[in-house]
Structure formats: structure tokens, C-alpha cells
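The form predicted on its own is given below as one chain in C-alpha cells.
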Amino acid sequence: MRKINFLIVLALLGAITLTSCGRKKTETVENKNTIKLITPLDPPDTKDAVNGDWVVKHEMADAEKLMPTVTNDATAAEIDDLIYDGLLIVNRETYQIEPLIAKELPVISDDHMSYTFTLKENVTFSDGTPLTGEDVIFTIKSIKIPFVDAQALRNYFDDVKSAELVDGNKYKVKINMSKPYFKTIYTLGETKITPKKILDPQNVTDKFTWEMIAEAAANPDPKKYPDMGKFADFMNSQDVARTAKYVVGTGPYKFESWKTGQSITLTRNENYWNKANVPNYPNKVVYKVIQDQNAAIVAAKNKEVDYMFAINPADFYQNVTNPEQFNLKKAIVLEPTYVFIAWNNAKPLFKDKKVRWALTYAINRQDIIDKILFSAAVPIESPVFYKSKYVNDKLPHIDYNLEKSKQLLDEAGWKDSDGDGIRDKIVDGKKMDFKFTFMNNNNPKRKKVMLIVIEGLKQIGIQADLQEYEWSVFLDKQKKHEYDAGYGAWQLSVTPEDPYQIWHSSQAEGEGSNYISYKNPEADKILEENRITFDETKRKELLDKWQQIIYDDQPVTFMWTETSRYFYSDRFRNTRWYAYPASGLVNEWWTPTAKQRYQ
């Protein structure tokens, strides 16, 4: 599942095939100009570890919602990882999927049509309530109910037909499929389990049969299903997403408070059922919102922030060259992400792929990488992580070429007919100038990149402007496709690739994650076949074909994969930097008693 990543920019793809992401030793990221050192994954440092202290982490904006069923941004996902558990978990060193709430990996039928999980009987929510199979069934129902805002998650559950207790055993759940899906073990396993007794105390969802939910999904009119609509309104509400009464999970931390625009605070779950395997050393984890990046850097220097992503590369590589002066350290991590310029394909300006190719030719990616990113990035041509075995590495690199760009715009009919320096064209009987607006979310690095892009577009007769929005407004406009273009980034997972969530035509409707409105029937067919193909070699062939189609269509301009930059306080021990985000697992960090800052 893919999530919108605010720090890098826009959303989570699935599947770990990134054997190269395992960092057992120091690695490097190379491009033609430079080599940047990647922080190695150190061995565990837990001898004499003690509880106590806080970790104060900087965020540029509030999380969207803390109810995992209805959220799709990376900040919320990182926080939810500390509040909720799934049936299974991806090992951050080996990338293998392992049991967590489940006693063992599920029993899978030979035809891949059923998955049976046996649950541990000592798992409790933070309020002391035992977790049972009824919570698992409730969670899946919540996701599948079409009126719940779970579009980003629901596409992974399209082929889940039903879930049931086995012989009435509350600790044994069987999930039945309507058709096989190769990634079911990951989607079922990683889904965060929510408490039925808290979110559905009247057992309303028991009235919704799986057949009713399927009928509602086929004809999603809430007037025909008033009880289902009422339940969905409740699940979609800010109250459920933001108050400690409802945000309750089985994880190592409990949600304590949310001060809008200021901070989200978690406190250690003293009764955490899995302390023997998952530590929770800090007493509190505070996500502190500071919108201005310069102010955030000052806060880190003044020890008001312990841990932050350096959004502006200049701060990391140029402005803070002596972090030890401020009791700070640096970490550089290669996370599976990619950056792109999003063209809203539904807009008349961007419907013609010749235009989209022209725009790609007009963006000097290497120049931006060198000027803005201090050369710590690799240009890419595909939405598959460049180190994944599923990447199509035969796609030719697209060079910066203004003459080619102008030629394609001419061929597409965009010419400067009135001599005002801006290309125009007759569209639907009216003259239209090639003018549009980039959307940003107050991210200073993205603003710098887009301003360079805008200057480049002027050279081919295109006028672009920049409009900045607060994060929640930015997300809303993006979900509703109410924008022309923007700078985006997807934070990827490390489980096998299923690009359906972002790229299938069905996800361009409603609030699905295909925010760029990309539709291609041939690409859709390949994505659908990919989902029912269990043979990895065959799936690699399918994904190669699909990436070629995406490359040929250029629905977005793929920019680069860049290294992630972190500052963190030197008082913490066991600060291990994983490739699979969140890179720094703060529940594992601990502070020697003499250096603890907060009580």
C-alpha cells in the first residue's frame, strides 16, 4: 500500500523485492557527478537500555487522520505504526513477512481462495480489551463498506469476499476470496486492526452481511443503505479520527492528545502485550508541528526538536555542517520513494501525450538534482523503485532537449499564433493559451524545484504559476483532482509490486489514489492480470510491459529518487536507520538516565 509522503511530497506502493534495500553494510548512491555516503544499519545497541525521556519529532503539518482505515498520508501512517498492530509484520532487516498478532503465517488454500489466521490469545488493546477475530472481521468490513473513506486501502480488498470465525473460535479467522490475488497475504497481514467494541458498541456492522456490502459497492447510493451510510459517517468523522476515545490500538504507544497545528502526543502503553519483542523505551513521542523550515532548524539547534527530516537539502549539506555543536547527528537513508511532476491528465492542456513528452523534455532533471539536491539523487524513468527487481531497466533515459520539446508542441498544435510569447491552440472552438498553475503545500524544496521548472517552460512558450496551500487543503484538492499540475512523491513499501492503487483507471474515480486521472485500457488489463498472477517471472514480464506503456504515455514526468536526510539528538542510543520507512523507529531509541531531558 502506498502512502502520501508529505516530507518528500505526495503518497505507498507495496511489495518488498528490494533485496538491495537491506543495508547490512555501508552503501553508496551514485550518479554521474557524485557519491553520497549512506548511513549504515548499525547492530542493536540495547545493553543496559532503560525506559524514560521523550522523543520530539518535527512535522511540517498535522497528520490527516489517525484512524488507519480512513487515512492515506505518510505522517499518519508513521504515527499509527506505534498505536496499532497488524496480523503480520514486515521485518525491517530481512523484508520477510512474519507473525505479529497471528501465531504463525496463515494457512492458505491450494487455490489461494482462503486464508486462515490463528490469533495469539494474549493480545490486548491499550484499554485492556482482548483482541479477537471479531475485531479482525470488523476491520475488514469497515474497509469494504463503500461509504467509508477507505478508497486508498479498499482496492487491495476488492477480491476479499467474506471473513468468518472458524467453528465459532474467536481466535481463528478465515478470510474467503472471490478470486485469487497474489498480494493478499501482505494486504491482510499489514492491515492495522481496530477495536469493534469501541467503534461499533451496538454491533451495527453485524447487520451488514457480506452480500449487502457487495450490493452496496456495486450500487453505492447511501440512501438505499441508510444504516451503512450512518456507520460510514461515524467512521469518517473528525471525532473518530482525532480523539483518544476512539483512536485505540494494540501497539506499543497510546494516543494521548492532539493540539491542532501544534502537536500530537503519544504515551507509552505500559500494558503493551509484546514488550518482549518490541520495545517502547521513550515515555512519550511528540510530533511537533513547525511549518516554517528555518524555524524548525532553529528549534533543533535549540534542542526543542530531537528528530527531523531536513526538507531543504541545503540545510543538511551546506548550512549545518557542524551538527555536533548542537548535540545533533546526521543520517542519510535510501528509502524506496520516487518524485514526479504530476500532470492532471483530465485537463485539456495535458490530454495529448505529445504535450506530456514535450514537458518532460523541457525539464532539466540533472541540473535540478545538482543545484537543489546536492547531487544526492538518481534520475528515474519508471514508478517502480530503481533498485527493485521489478523495475524495467531497459527504458531509455530521457535527456533534456528543448528543441525536441518545441517540435512536439508544434506537432500537437500548440503554437504562438499571436506573437505574445505564449503558445496557444483552438480547443472546442475557443483560443486557449498554454497557461497553468502548479500546486504546492508550503514545502520550500518543492517550491525551488517548481520555480526552476517554471523558468524552463518559459523557454518553450508556456506560462506556469505557483499556488501554495495548507496541507489539508492541498490533500483535498488533490483527491478531488482540482488542480492543474504539482510536484508529487510516493513512498513505497518493500513488498511485491502492485501499482493498481495509483495507476488503474478505476482509482481515478471518487477519492481513489489515481490523482492524475490517468486512464489506459491496455495498462488496466495488465494491472488486472498482474493481480491474479502468482508466478514471479510472469509478473516481472507483465510489469515490464506495463512500465513501457507508462513510459510511452508519460502521464507524469518521473524526476528522481533522492536520499532522505535526518537530524537527530546525540543523546539517543540504538538509533538504527532502516531503509523501509519510517527509517528511524523511535520506540527502539533509548536515553541513558543521566542524559534524559524529559520526565
Partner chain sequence: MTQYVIKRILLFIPTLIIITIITFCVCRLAPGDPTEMKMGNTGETQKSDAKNQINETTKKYYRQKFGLDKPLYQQYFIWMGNMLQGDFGNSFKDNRPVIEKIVERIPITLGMNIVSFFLIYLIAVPIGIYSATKQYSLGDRVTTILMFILYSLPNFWLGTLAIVFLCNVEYIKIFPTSGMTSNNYDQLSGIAKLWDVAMHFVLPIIVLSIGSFAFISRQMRSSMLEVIRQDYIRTARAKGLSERKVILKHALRNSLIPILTLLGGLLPAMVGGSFIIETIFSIPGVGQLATQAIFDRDYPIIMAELFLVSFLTVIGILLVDILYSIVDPRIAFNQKSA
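Basically, rigid core = biggest C-alpha set you can superpose within 1.5 Å across the two forms. Numbering follows the first chain given and starts at 1. Computed from a prediction, not measured in an experiment: that's the story for all the values here.
As for the form predicted in complex with the partner chain, it is not shown, yet the points below apply to it.
Inset, instruction - Could you confirm whether Ala276 comes within 4.5 Å of the partner chain in the predicted bound form, counting heavy atoms only? - result: The answer is no: Ala276 has no heavy atom within 4.5 Å of the partner chain.
Inset, instruction - Answer yes if any heavy atom of Leu492 is within 4.5 Å of a heavy atom of the partner chain in the predicted bound form; otherwise answer no. - result: Because a heavy atom of Leu492 falls inside 4.5 Å of the partner chain in the predicted bound form, the answer is yes.
Inset, instruction - Indicate whether the partner chain has at least one heavy atom within 4.5 Å of a heavy atom of Pro146 in the predicted bound form. - result: Contact with the partner chain, yes.
Legend entry - 4.5 angstroms heavy atom contact with the partner chain in the predicted bound form for Asp53: The answer is no: Asp53 has no heavy atom within 4.5 Å of the partner chain.
Legend entry - Which of 467-475, 413-421, 117-125, 89-97 sits within 4.5 Å of the partner chain in the predicted bound form, heavy atom basis: Looking at the partner contacts, the answer comes out as 467-475.
Legend entry - in the predicted bound form, the one of Ile426, Val107, Val298, Met212 near the partner chain [non-hydrogen atom within 4.5 angstroms]: Result of the distance check: Val298.
Inset, instruction - Would you mind picking the one in Asn344, Ser388, Asn443, Ser382 that has a heavy atom within 4.5 Å of the partner chain in the predicted bound form? - result: Filtering the options by heavy-atom distance leaves Asn443.
Inset, instruction - Would you give me the residues of 57-73 that have any heavy atom within 4.5 Å of the partner chain in the predicted bound form, in order from first to last? - result: Stretch hits, in order: Glu64, Lys65, Asn72.
Legend entry - Core-aligned C-alpha movement of Lys245 between this form and the one not shown, 2 Å or more: Superposed on the core, Lys245 moves its C-alpha less than 2 Å between this form and the one not shown.
Legend entry - Core fit, then Gln325 C-alpha moves 2 Å or more between this form and the one not shown: No, shifts by less than 2 Å.
Inset, instruction - Align both forms on the core first, then report whether Ala489 has a C-alpha shift of 2 Å or more between this form and the one not shown. - result: Yes, the C-alpha position differs by at least 2 Å between this form and the one not shown.
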